[in-house]
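Next comes just one chain, in structure tokens: the form predicted alone.
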Amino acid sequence: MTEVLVEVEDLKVYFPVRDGWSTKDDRQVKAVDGISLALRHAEVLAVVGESGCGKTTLGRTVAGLASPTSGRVWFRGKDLATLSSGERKTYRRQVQMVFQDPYDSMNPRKTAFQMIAQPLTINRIVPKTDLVNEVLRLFDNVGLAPGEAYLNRSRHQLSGGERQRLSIARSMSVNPSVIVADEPVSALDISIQGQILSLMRKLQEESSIAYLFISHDLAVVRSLADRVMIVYLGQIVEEGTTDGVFSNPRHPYTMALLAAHPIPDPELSRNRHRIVLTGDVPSPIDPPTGCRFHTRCPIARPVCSQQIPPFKDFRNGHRSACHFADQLQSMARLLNESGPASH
């Protein structure tokens, strides 16, 4: 079995509802509400869902930037809550984060050289005499060439793609085992997206890094991920291999996400079973009872609002939390024939 690098067990991350500086009442925003996962060596695990489903909070907690309300996060068998200061420093070096907006994650007072040299110096990766050469090597590795032209540039002198390349170089500088990538290409033009994804795939293959890849773009996920975890209102509703989830979805929310993603082949687009959502995502302050998706699900039955659906296991680790996972394809076919999907 491949080594498990990061393991999350029943993770909950709640935030108090505030009015200015004071707590408004006893209510809490349940950003992450009982998620468990295992990220293995050199694996790309994608976390997919709509805005506000808890993806970023999950990623920040795994990276050590947010504290769990309950539950546990392990790194190579060690509970993060029990790490000493020295062990936590090692963890922060081993688990790096690439943010959605690299502009906000960069110090406006520092040059590109200083941004990369700082983690190299703090973690004593190379001697000071080799700093420039190591920075130039990292620049070249992420496609910032010629590297000499970027050494003294500040963040405002770089394009969006160049800033993201610099952000990736910074995360790679300390030789991490895991990179949490939070929507790393969503703010970029489509042509630049392809370049950054190719770069991330190349670095992952060369260095055997594991990615926790957060995204709402299914095309991006399909091109990069080994496994996919679909999240709705802070909870996992389906997970499995990328091929398994995309080719045979077992949850209506997954089917709705796939239906919303365009397919360039008109014949395939016409023949796929669609589930179209109505209404808005409920508030994470007071999520629905039973299945949290039932308020928007076109195939919901009374049991969906009354009972939390257990996970049903299919082949190759594919599982889904839906009362009707076994009949989903036939129910979706009936919906297509009756017409709601054409709206």
Partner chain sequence: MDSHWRLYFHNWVSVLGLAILVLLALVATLGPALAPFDPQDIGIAYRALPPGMVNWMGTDELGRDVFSRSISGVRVSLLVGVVAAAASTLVGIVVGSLAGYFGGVFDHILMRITEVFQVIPQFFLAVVLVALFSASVFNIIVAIAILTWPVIARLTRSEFLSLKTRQYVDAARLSGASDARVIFREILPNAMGPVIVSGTLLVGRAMLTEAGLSFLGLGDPSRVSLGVMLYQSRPFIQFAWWAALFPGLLIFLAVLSTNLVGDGLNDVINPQMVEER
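Predicted model only: the values in this text are computed from it and were never measured. Residue numbers count along the first chain shown, from 1.
One more form of this protein exists, namely the form predicted in complex with its partner chain; it is left out here, but the text below deals with it.
Just one of Met97, Met255, Met229, Ala225 comes within 4.5 Å of its partner chain in the predicted complex, counting any heavy atom, and that one is Met97. With the partner omitted here, the residue from Asp140, Asp104, Glu87, Asp79 that has a non-hydrogen atom within 4.5 angstroms of its partner chain in the predicted complex is Asp104. If you check its partner chain in the predicted complex, you find no heavy atom from any of Arg292, Pro309 and Gly317 within 4.5 Å.
The partner is not drawn, yet in the predicted complex one stretch among 145-153, 104-112, 193-201, 236-244 has residues with heavy atoms inside 4.5 Å of its partner chain: 104-112. At a distance threshold of 4.5 angstroms between non-hydrogen atoms, Pro119 is in contact with its partner chain in the predicted complex. At a distance threshold of 4.5 angstroms between non-hydrogen atoms, Val303 is out of contact with its partner chain in the predicted complex. Mapping the unseen interface onto this chain, His41 falls outside it, with no heavy atom inside 4.5 Å of its partner chain in the predicted complex.
Within this chain, Arg296 is remote from the site of its partner chain in the predicted complex, having no heavy atom within 4.5 Å.
For the partner-free chain shown, Arg60, Ala63, Leu65 of 51-82 come within 4.5 angstroms of its partner chain in the predicted complex, judged by any non-hydrogen atom.
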